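Only one chain is shown below, in structure tokens, and it's the form predicted alone.
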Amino acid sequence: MGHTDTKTRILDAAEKLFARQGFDATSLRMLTREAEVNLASVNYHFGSKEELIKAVIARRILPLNAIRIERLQKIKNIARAEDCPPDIREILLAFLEPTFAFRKSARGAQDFISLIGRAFSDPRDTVRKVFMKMVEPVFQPLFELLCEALPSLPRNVVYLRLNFMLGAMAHSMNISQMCQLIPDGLSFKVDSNTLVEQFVVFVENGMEAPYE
């Protein structure tokens, strides 16, 4: 087995176990058994459990960040060229479309989503800190563009509404896996395109709501 294959197997196993057992509850012995490698291989490729979780998150987040940042930058460039505020809907689509598409982008993507969801409910902040540091490069330009698109709103209100959006997004990313309260007589099934479309409509109206 080559180095690349071994490293990928460790990352896949770690992602699965961290998502289902939790970072702290996953031992290196469990990890080596799941990945079918020895402890020396884990130490060789990652050095520690903390470096391993950084690698697990970076593998998924950095490519996603690159897509979102590129789309946000294009919106910013167009707004500058046309000397007008950026379009709020285009901003939301630039961030949300790649994010929702990620769910089905690769084997293990759903485990990663579960891992991040678990991190935000875990009293220990090891995983949460790593994740937040890696998403900061996309969060800042997203926030600034939203402020430009919504000049009538105070920045602190835009920030608050952005956090509302992120909370709703986290729920919606798992909507097909979560226990749902479905009204009697309603057969609920939603495809990804409809989910994104309705989510953007919901968020756009919330973002643009008057502030008094």
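These numbers come from a predicted model, not from an experiment. Rigid core (definition): largest C-alpha set, two forms, superposition within 1.5 Å. Don't overthink the numbering: it's just position in the shown sequence, from 1.
Although it is not shown, the form predicted together with the DNA is what the next lines describe.
- Note that among 57-65, 32-40, 155-163, 139-147, the stretch whose heavy atoms approach the DNA to within 4.5 Å in the predicted complex is 32-40.
- Remark: none of the three candidate residues (Ser105, Ser172 and Thr194) comes within 4.5 Å of the DNA in the predicted complex, counting heavy atoms only.
- By the criterion of a heavy atom within 4.5 Å, Ala168 is excluded from the residues contacting the DNA in the predicted complex.
- Contacts between 49-79 and the DNA, taken as any heavy atom within 4.5 Å in the predicted complex, involve only Lys49.
- Relative to the superposed core, Arg33 undergoes a Cα shift of 2 Å or more between the shown form and the other one.
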